[in-house]
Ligand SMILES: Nc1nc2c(ncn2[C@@H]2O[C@H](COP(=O)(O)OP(=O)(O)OP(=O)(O)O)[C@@H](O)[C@H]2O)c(=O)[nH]1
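The chain that follows stands alone, in the form predicted alone, written as structure tokens.
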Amino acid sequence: MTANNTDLPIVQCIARARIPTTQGPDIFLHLYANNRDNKEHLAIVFGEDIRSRSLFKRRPGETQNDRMIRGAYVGKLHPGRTIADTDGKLGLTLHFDDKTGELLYESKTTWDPENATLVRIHSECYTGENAWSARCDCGEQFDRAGKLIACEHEKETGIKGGNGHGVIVYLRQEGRGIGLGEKLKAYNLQDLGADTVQANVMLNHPVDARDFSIGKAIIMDLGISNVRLLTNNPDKIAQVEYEPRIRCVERVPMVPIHWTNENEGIKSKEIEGYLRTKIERMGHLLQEPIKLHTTTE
């Protein structure tokens, strides 16, 4: 594995593949291993030219076919292609340091590290992403991050999008780091009257046990220095900053869709209570017409 820095996890991109999507541009799904846990963390990358340094680094004894199979290629794959480092049809060629095998930056083939890049660091939420949960806005935020990265501007809010370039770092830390089983127990405690913060504490867990250091190492591996961070969480901003390697140059708010369009997004008493707790108890940077310092029936 390739070390990013002595106080950060060591991450290595194992494989990358193009994923055609149902609603927008192709994405490139990157699977990462690391030296902190045994989880398969991911980077959902918009833009073929945003390249993982650990994936693309030349390895002793490998063939061009080996490189194509793990996804370390430039341009587009097609039947009969035999060279990973050159796409003859598109006129693109990658170059590498002769001694280290490291990918060399060239503007024609690789995203400029100094570009302000739209990034979302997203923690896994099975219930919100796969079980249609109206207890949280995680699924909505995940979908919206992808749409914002794909578009030039979001019409409803005027937010500048990524115009097809950006990254969703997907970290496997369910339930703010407590795991799915404990999260379901916390939901039962919420139905008994606790809020999301109280429920975690009652189960002897931290309010937020997540660690964004692996996400930070993945951003660095992708060669991104200037981040436009999609978040309402001030703690996430503080954790992502890593001068001089990573700078958070802008916070892009994740305003709940229902607040800007009452006919769309998630509307439920659970989501109102969840957002209220985020603002009152966790300091999230949201200001909208929900009733603060009240209880839900």
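For every residue, the number given is its place in the sequence shown, counted from 1. No experiment lies behind these values; they were computed from the predicted model shown.
Just so it is clear, the following notes concern the form predicted together with the ligand, a form of the same protein that is not shown.
This chain is displayed alone, yet in the model of the complex one of 216, 122, 144, 165 has a heavy atom within 4.5 Å of the ligand; that residue is 122.
Annotated contacts: 174, 210 and 230 all touch the ligand in the model of the complex [non-hydrogen atom within 4.5 angstroms]. Contact check for residue 103: no non-hydrogen atom falls within 4.5 Å of the ligand in the model of the complex.
Interface membership of residue 138, defined by any non-hydrogen atom within 4.5 Å of the ligand in the model of the complex, is confirmed. Although the partner is absent here, residue 225 is not a contact residue: none of its heavy atoms lies within 4.5 angstroms of the ligand in the model of the complex. Contact check for residue 200: a non-hydrogen atom falls within 4.5 Å of the ligand in the model of the complex. Heavy atoms within 4.5 Å of the ligand in the model of the complex are found in exactly one of 73-81, 103-111, 179-187, 147-155, that being 179-187. In this stretch, 83-113, not one residue has a heavy atom within 4.5 Å of the ligand in the model of the complex; the partner itself is omitted from this view.
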